[in-house]
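Take a look at this one chain, the form predicted alone, written out in structure tokens.
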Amino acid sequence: MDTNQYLEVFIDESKEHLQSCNENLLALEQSPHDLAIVNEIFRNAHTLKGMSATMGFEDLADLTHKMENVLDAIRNEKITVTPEILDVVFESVDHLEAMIDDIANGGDGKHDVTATVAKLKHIENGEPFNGVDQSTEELSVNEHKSSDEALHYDEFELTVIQQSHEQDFNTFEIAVHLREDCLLKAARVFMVFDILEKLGDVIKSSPTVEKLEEEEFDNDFYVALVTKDSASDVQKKLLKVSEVENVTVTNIDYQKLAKQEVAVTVVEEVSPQPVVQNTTTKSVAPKTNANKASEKKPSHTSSKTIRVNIERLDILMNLFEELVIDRGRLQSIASELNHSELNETVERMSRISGDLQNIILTMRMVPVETVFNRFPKMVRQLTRDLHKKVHLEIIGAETELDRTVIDELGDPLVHLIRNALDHGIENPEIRKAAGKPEEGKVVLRAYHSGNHVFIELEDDGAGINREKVLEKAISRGIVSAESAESLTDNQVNELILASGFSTADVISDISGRGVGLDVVKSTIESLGGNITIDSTEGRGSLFSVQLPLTLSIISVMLVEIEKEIYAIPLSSIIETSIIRKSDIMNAHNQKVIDFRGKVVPLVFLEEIFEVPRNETTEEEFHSVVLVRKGEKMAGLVVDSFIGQQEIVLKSLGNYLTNVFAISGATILGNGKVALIIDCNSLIK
């Protein structure tokens, strides 16, 4: 079967199931006795296993199967949930995510998961688990267990056992113990299997046949056999093999296995068979679990959404952007001709295209939840690594942002959270000594405000030490000792966003290598946003990121310099002003103005963009657009203001990359091209 056409769907759905696993595992850690959560995780894992097997990704299916066995043991209350066990399950999910990512990138999804599989097997066998990493070999050598613990059956094997019972065959679990001084264990295993195959069919062995052949076991191995012979006959025949010290033959308790099958069948939503229904009524515990699972599971209603590839939406957006440009052109022509019917038609077209614009922009909006939902698991792992206690609270995850912004947002937030946990939140002992609760609090908040989305990360940790930051900044030459004294607290806080800056006493794997926050700053600014820091030493910090709702259609002010038209994003503009030439002053070889008591540097755009002038005129007044970047301001000097307009942001293409202070271009209604000014580049 050609499965390539289903690959994208498989990848998307696999990621959804893994995300659900992560969320439910975190919930399970808070409520370790809630079997309904275990059933939900089991259902996700089981679906993923089936999908992987269908698509031919056997490694993925195999690891999921191993994880599923552990979950099965948990829900059947054979093992109790502990943080160490959840660590291993989380580790398995991490591997599965890596495999899916590999497949999404064109790989085959193969990954070395030997150590994790060994841990899962260890847990599945119910052996005491302390989280210490053990190799497969160590585990296999230390296997000492009864056949009841050693052999676990999948659905196919259970079906074979069931049918054997129905046809009056005997099914045995056989434990074989070789003598301690046995030299040729593989040969004895061969002889045992030779006898067993003459007696009937071997369903399963533990360890596997491959491991038995390679002598990867101690002195015990276990076999499940279907035969017409009696238990005593089987035992006597096997004891005739030399160096076999002991043989235990027990009947397979089919009823016990059937109960497990019932639980699996109900949770998987397979159409119940009559036999299963009868068994369910006799079984109290599995029925309770199944009821909980059915309560937890959402009802299957008809889906009212479809998946659309983001590339198709991008194409639609590009086409619509062309339409917006043509709309501007039509409006311009209509105003020139002043024809009533044409005006009416253009107005109607403008109204409809406005509605269409809203719909298309809404289609591209996705909740920030898609980024936020990866953080609870990350915080859990970091708190365990750092031996800290941290409670993460997420507020406003339903807030929507353009998909383009969302895709770029993940990495900066990861840096901020890692920084908050490593440098912000103190150790429990230090917090206790400072009169704080041992458990630190980190709040990740998102909300709309005007045409922007704000994402804030607040912690109640140690805050930023002003003296320490200044000392490091002076030693690195970022600021001079003289100017350091005049910096405000916010200006000092923003120094930690400088490239290569780190106040960490000890460089750790979490952060402190000075490669974190400057990346955050540059990424946020490349998205047209900005970041501010508010911190109080001893009480915590607040990192606030301001982002535009969408990147493609923005509101700008059009300005003119000589005959050229430029667009300045409204999001950067504070206000416009007309100043007298005599009001311009000089400070440190920089022309400045006094704007309401604040010294604001002037930037003459005609000099920056080298605009040629036909004739030089001395104007008494200058038109100035006051723009800001965080707390900093600048006045952009232009010839005249044209007015506000919504424009379509177009990139300059591959031939014009890294053009200073220009973030893109747009096509105006009259067909002319206007360059869009990147105000952040002009403010130092």
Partner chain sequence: MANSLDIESVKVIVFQLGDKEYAIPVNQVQGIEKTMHITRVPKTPKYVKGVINLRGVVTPIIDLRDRFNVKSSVENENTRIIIISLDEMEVGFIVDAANDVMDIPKVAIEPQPEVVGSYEEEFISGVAKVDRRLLILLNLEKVLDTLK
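Residue numbers count along the first chain shown, from 1. Take the two forms, superpose them, and find the largest set of C-alpha atoms that agree within 1.5 Å; that set is the rigid core. What you see is a predicted model, and the numbers here were worked out from it, not measured in a lab.
The form predicted together with its partner chain exists for this protein as well; it is not shown, and the discussion that follows is about that form.
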| 4.5 Å heavy atom contact, F543 and its partner chain in the predicted complex | no
| Counting only non-hydrogen atoms and a 4.5 angstroms cut-off, does E482 reach its partner chain in the predicted complex? | no
| Would L675 count as touching its partner chain in the predicted complex under a 4.5 Å heavy atom rule? | yes
| According to a 4.5 angstroms non-hydrogen atom cut-off, is E322 in contact with its partner chain in the predicted complex? | yes
| request: Specify the contacting stretch among 621-629, 53-61, 651-659, 37-45, defined as having any heavy atom within 4.5 Å of its partner chain in the predicted complex. | output: 651-659
| Even though its partner chain is not shown here, does it sit in the predicted complex so that L421, P428 and D460 each have a heavy atom within 4.5 Å? | no
| query | Can you pick the one in E564, D94, E216, E408 that has a heavy atom within 4.5 Å of its partner chain in the predicted complex? | reply | E564
| message | Counting any non-hydrogen atom inside 4.5 Å, which residue from D168, E341, D181, E610 sits next to its partner chain in the predicted complex? | response | E610
| Rigid core superposition, I11 Cα moves 2 angstroms or more between the shown form and the other one | no
| Large Cα shift (2 Å or above) at S31 between the shown form and the other one, core-fitted | no
| request: Kindly check if the Cα atom of K432 is displaced 2 angstroms or more between the shown form and the other one relative to the superposed rigid core. | output: no
| field | Sense of the change in Cα distance from I524 to N318 in the predicted complex - at least 3 Å versus the shown form | value | farther
| Given that the CA-CA distance for T362 and G669 shifts by 3 Å or more in the predicted complex, does it become closer or farther? | closer
